[in-house]
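Okay, so here's just one chain, in structure tokens, the form predicted alone.
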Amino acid sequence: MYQQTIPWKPNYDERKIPPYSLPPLMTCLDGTPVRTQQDWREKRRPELLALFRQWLYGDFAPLPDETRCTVVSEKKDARGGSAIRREIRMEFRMKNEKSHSVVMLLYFPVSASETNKVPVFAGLAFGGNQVATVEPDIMHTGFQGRNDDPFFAPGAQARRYPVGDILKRGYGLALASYDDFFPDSPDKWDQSIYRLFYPEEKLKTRLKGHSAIGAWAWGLSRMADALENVPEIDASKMACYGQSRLGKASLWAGANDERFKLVCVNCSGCGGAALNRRLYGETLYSMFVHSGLGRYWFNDPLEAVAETPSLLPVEQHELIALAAPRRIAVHSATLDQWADPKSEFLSAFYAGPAFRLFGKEPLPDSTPPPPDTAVGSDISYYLRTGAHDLLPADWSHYMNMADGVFRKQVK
């Protein structure tokens, strides 16, 4: 039935979704059921991580031999005196003298101190750090070849980062350019973090066993490393966030790095929170055959099943389940049918048994909520009115979720 979609054409008709079944979340590969938390932690969770590495996201790059973090600028009265702003260079160094550096932009309330540490949200920005703020003295980062595109101009995406609201709620915000970990282009492997670990000749074409999403997720974990050394940040209270393809990356980072106690994902679509098998809006086929993005976003074996995702041994509800027993917030937008909001909801719903195993609350039922109404606590789903974006309404719900994790109450 899926072959009927060739030549490529997106489907937005529920009646044309072929029948599908999901891999059993709580059954191990050898057929044994997951009955205890130990079964999950020691057997099922490692199995799922290995399958997602093999089929979708590739291996996590190793740690560099050394990471040096240097404060390259500090402004103690940023944003009208409400914030301390730092730019921190993370320099990843290898014993063979290879190095790669990324500058992280960090805001936190002026009231924060070594004795009054604050929780923090860590994420990646499309373009350089300068897109997130109208402040003129921000260091320009990211892939400089994008400078002519107004979407990547200084301050162009400031609406996505309501820093004032985040500071008022008592949180810090850390961000870095996704381009600085892997420039979003199929021919930039030699400018990515993978150049630390592989010879140049291997990076002239697609690197087997790795992906851009893997590099972006690796970057989120390296940001967590750096934040652990910021005296005013409570590193036991970190959340990761991401929108669109960076939502795919935040899910993968949250699956691998349990230091992120809250995983926030927005409009991530197929290969993110949405079920690959539903064949609605964005599909694996569209990413590999139509746009070609899948050929570097994902690990290379995924292309072989892009037309027949039913052959995948894993599904995205299992990726969401890898956040258990931590909290996860899955967001969609009413006008973003490409990302298949219903599928993102269903994926969160079907992840429920893993959370229930730890005494956490799954989503209450399989009926999606109306727009602008958040449901769930440990797994939460929110359908925002509007388009494919990251907006203050999303942040308000993320911070409500964070309050429940870090302050033991939900506003």
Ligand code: GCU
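Predicted model, so just to flag it, every value in this text is computed and none were measured. A residue's number is simply how far along the shown sequence it sits, counting from 1.
Omitted here: the form predicted together with the named molecule. The next part is about that form.
Inset, instruction - State the residue from A224, L196, A156, L293 whose non-hydrogen atoms include one within 4.5 Å of the named molecule in the model of the complex. - result: Comparing distances to the named molecule in the model of the complex, the residue within 4.5 Å is L293.
Legend entry - in the model of the complex, the residue from I88, M287, L275, L207 that sits within 4.5 Å of the named molecule by heavy atoms: Result of the distance check: M287.
Inset, instruction - Considering only heavy atoms, tell me if S211 and the named molecule come within 4.5 Å of each other in the model of the complex. - result: Result no; S211 lies far from the named molecule in the model of the complex.
Inset, instruction - Using a 4.5 Å heavy atom cut-off, state whether F126 contacts the named molecule in the model of the complex. - result: Judged by the heavy-atom cut-off of 4.5 Å, F126 is in contact with the named molecule in the model of the complex.
Inset, instruction - Give a yes/no on whether S268 approaches the named molecule to within 4.5 Å in the model of the complex, heavy atoms considered. - result: Although the named molecule is absent here, S268 would touch it in the model of the complex, with heavy atoms inside 4.5 Å.
Inset, instruction - Answer for W297 alone: is it within 4.5 Å of the named molecule in the model of the complex, judged on heavy atom distances? - result: Answer yes; at least one heavy atom of W297 falls within 4.5 Å of the named molecule in the model of the complex.
Inset, instruction - Could you tell me which of 106 to 114, 167 to 175, 238 to 246, 299 to 307 sits within 4.5 Å of the named molecule in the model of the complex, going by non-hydrogen atoms? - result: Only one stretch qualifies here: 238 to 246.
Inset, instruction - May I ask whether H100, F143 and D180 all come within 4.5 angstroms of the named molecule in the model of the complex, judged by heavy atoms? - result: Not a single residue of the candidate spot has a heavy atom within 4.5 Å of the named molecule in the model of the complex.
Legend entry - Neighbours of the named molecule in the model of the complex among 373 to 390 [non-hydrogen atom within 4.5 angstroms]: Going through 373 to 390 in order - heavy atoms within 4.5 Å of the named molecule in the model of the complex - there is one hit, H388.
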